[in-house]
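Shown here is one chain on its own, the form predicted alone, set out as structure tokens.
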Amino acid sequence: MPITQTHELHQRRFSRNLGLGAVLLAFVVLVFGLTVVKVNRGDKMEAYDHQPRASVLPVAPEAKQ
């Protein structure tokens, strides 16, 4: 015999779960959107890969003149 009526506690829990799901979905959409914008713009996408980077190296004295 299946239970046909849901308790009030289950209804409140379901609405909280829907709210939390919506917040998590909004966060995922925000992070994905920021990632897409960053990749499309190509802003300074240098990562630390154990190699010297030209943008970090000091300028040689003879190059300053």
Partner chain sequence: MSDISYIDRSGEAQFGDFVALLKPRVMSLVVFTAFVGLVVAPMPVHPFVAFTAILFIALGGGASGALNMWYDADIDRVMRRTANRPIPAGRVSEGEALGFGLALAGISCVMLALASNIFAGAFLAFTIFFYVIVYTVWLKRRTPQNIVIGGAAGAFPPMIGWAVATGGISLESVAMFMIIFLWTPPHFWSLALFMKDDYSNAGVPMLTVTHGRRTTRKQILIYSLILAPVAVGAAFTSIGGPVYLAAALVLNALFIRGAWRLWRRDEEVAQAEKYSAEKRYFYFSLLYLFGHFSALLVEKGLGFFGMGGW
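In this text, rigid core is short for the largest set of C-alphas that superpose within 1.5 Å between two forms. As the structure is a computational prediction, the values presented were derived from the model and not from experiment. Numbering follows the first chain given and starts at 1.
Below, we turn to the form predicted together with its partner chain, even though it does not appear here.
Interface residue remark: residue 39 is not counted as part of the site for its partner chain in the predicted bound form, having no heavy atom within 4.5 Å. Its partner chain in the predicted bound form comes within 4.5 Å of no heavy atom belonging to residue 25. Contact annotation for residue 20: at least one heavy atom lies within 4.5 Å of its partner chain in the predicted bound form. After superposing the rigid core, the Cα of residue 12 is displaced by 2 Å or more between the shown form and the other one.
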